[in-house]
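Coming up are structure 1 and structure 2: the same protein chain in two forms, each one given alone as structure tokens.
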Structure 1
């Protein structure tokens, strides 16, 4: 037995070879890596930061939530349906192919083509055609006035058309090429995706030599990876593990991200049809208690609207519904439900941070005003399906994403009557959405979005809870790392001290 023990121990020690790490490498632990190196095929939030190291879009969003040029230098709307983009010169793809208007045409058409099966197609479905004017000018025609075109373009990665023509789709997936700060090194399904610095990047070579995204689905394992030093950065740390990591000298930070968590209503059924009932439920829930006790303070209470101050279209005049059970009871009585009512509540486990705890807290608080909510946990696939099919709820937990474009149009256009699922129906609101989507002037569009937010504050389609936080851990040896509200991160200036 002793011999076996010694053998086992020596085997263990011999096998654990620490990495020599000659180059400056940053290893990031994330819940999942892209399903494929093809950026037009995966729209999950976790795929965004990995793709963004290698590929770039025409436009992006800066730290203030403003749309800025990336591969496009400038743009203007020539008419309600025609846009012109001036492209950046002297940009080349990693294979040496120059970036031109043809690449823009190719990439947008590829996302729109049903053969690509791109989940991003819906964001730019209004695009009718893309025409190069010269090598560095491109015009985009939309089927009707479509003001949020730029927001749609923040998710369309630009790919090299010549490379595709020469090598084909398969070759591209095994050796993808973009214009980004890092070049593709390797991708092993469900394991890691690695990149090396692009020495000819148009904004200058990144400081790091190598970046590795490791796919680690289990929260505790990601936390352990930081504790052992195997990871330089771990994303999405559960709030309750923060104290432990901090005690070990790991820097734990948090960023409020472009995602508003709510209890959504199917406002087309009794008694949620009634505005007063929906208002009552907003008064009945203690948002501050949820933020403080369940999320341990990570996040920010939504100001009676689904986007935070970092979203385009945020309305600074709006305030959260105060926690006021008395007022809730009074409103219910006025609506004809003095003794409350019974309603089904669809929940999830592990879909959002602390979702089950939040569901239970909300149910407890609703019970205080006489509303009995029966919780039913749905499996992820069924959850989305019943959401899109309009059979979910009438109450369900939900997070409205407005990242990476950081634009309120994304969630707000969903509340129009013709939106999929049809969870909210009000012709007055529909008219606002139509006005917003046709408002080619950004200031005007912002004003209409704020008007829409005010409308929904008064006639709420959900219980507004919190803007969710992304908590992440960074080793002290890493400098210059910041996770953005957009879910993205600029790694070009990040250093790892030896």
Structure 2
């Protein structure tokens, strides 16, 4: 099987490695690539590193979790509902179109438009209007006080309005342009996404000539790729392969990332409507066993909340649900399901480290308390569209991102009744979200976020599993590569020695 995997990888990426002129090309193997070149359509973590090579936001996050300017040089709140941004000058899109305040207006309004169906819309839903003051100044008005505006803007990529209008959405997707360090070269669904260096990038031309993200869902194939040297970097390495790769001279590293892996519930359908049923399923799953036996200690158990201690809004008073099958059976009986029930479970392969093995382990543990979960693996594109369309589940594996802003508001707003996917509905929780988003004082906002986490610990919308670890392998010939807790990587100064 391994030999077949190596042969397959050799054939599929030969075009990217056989040319001697490829000395400045970096090839990265990852579980999946963006489902579309349109950055407003795909919010999955694996899509973020590829999009970040081509597109940029107004603001980003530094290594200390602090909001920093990207296409915005500075900003200030003129009132609780009005923000002003000064934009970076002398920035152009890859087609030569100048970056101006009109691009900010177009991009934010497109993400908010119901027609776009952008999964990022919820993060800036409080924006009322965007008004250019001049070419390099833009003001954003919110419908009410909206404290996490900057955090929400860390996911809104800025697109060129004139080019988009000329080409239309369909042609834009076939030849997208942004302001980022690399230009679009090619995209083949579920295969690869490639970029070339942007010689006019405002921070200076990247050292690399090309970057290629290869979609390789199978763990064994990614490992084979980096082992044979056909990949320069492989992300999401299975923990059990770490020692072997190190013995072969491959540099293997790990970073805890800003996302909490869970088994989500569609808590709007029977019997998952019942709080006791959802609590029972949390008691039924052995989180420590999953961390120890499947992840070999990489990552950390979530403390009954979807963010880790590195996230703003983490509640240090909360603890994980203990593994207690007896308590799970008792709660199921009290809820009217003494003999359990049957439910569909949508899973993935290669989307997260050891995802299929974790899915199978959870199914086995649920069976011990009488719950029969039928696993159905969904292809990456179908998986995200099913989530957005509200048809996934009633159980499905997921990793809630509090990256790249490392802020709990980012995932917690998805549990509102009106959120995309509509998988949890509780008016009391909705009120908490509204209070948190209106809290302009950071200390007050943090307290409300912690209150929200405690609410969801008691009335769980999911089975809390682990904060994920990103294990990645780097060939010795690659210099300057680092995968960050934000899931992003700065490739502008990366070098590859051939």
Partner chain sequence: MLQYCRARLVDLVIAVLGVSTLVFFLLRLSGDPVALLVTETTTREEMERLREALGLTAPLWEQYVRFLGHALQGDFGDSLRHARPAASLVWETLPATLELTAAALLIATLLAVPLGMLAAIRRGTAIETSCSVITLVGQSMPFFWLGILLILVFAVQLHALPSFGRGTLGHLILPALTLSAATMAKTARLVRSGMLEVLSQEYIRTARAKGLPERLVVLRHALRNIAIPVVTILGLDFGLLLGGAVVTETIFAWPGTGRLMIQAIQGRDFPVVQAAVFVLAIVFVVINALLDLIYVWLDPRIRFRRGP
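Positions refer to the first chain, counted from 1. The term rigid core refers to the maximal set of C-alpha atoms that superpose within 1.5 Å between the two forms. The shown structure was predicted, so the numbers you read here are calculated from the model rather than taken from an experiment.
- Working note: structure 2 is the copy from the form predicted alone; the remaining copy is not.
- Panel note: of 30, 87, 107, 469, the residue at the hinge between moving rigid parts between structure 1 and structure 2 is 469; all others are over 12 positions away.
- Rigid-body analysis between structure 1 and structure 2: the smaller part rotates 31° against the larger, C-alpha superposition.
- We note a C-alpha movement of 7.8 Å at residue 303 between structure 1 and structure 2, with the rigid core held in register.
- If you overlay the core, the Cα of residue 440 moves by 3.0 Å between structure 1 and structure 2.
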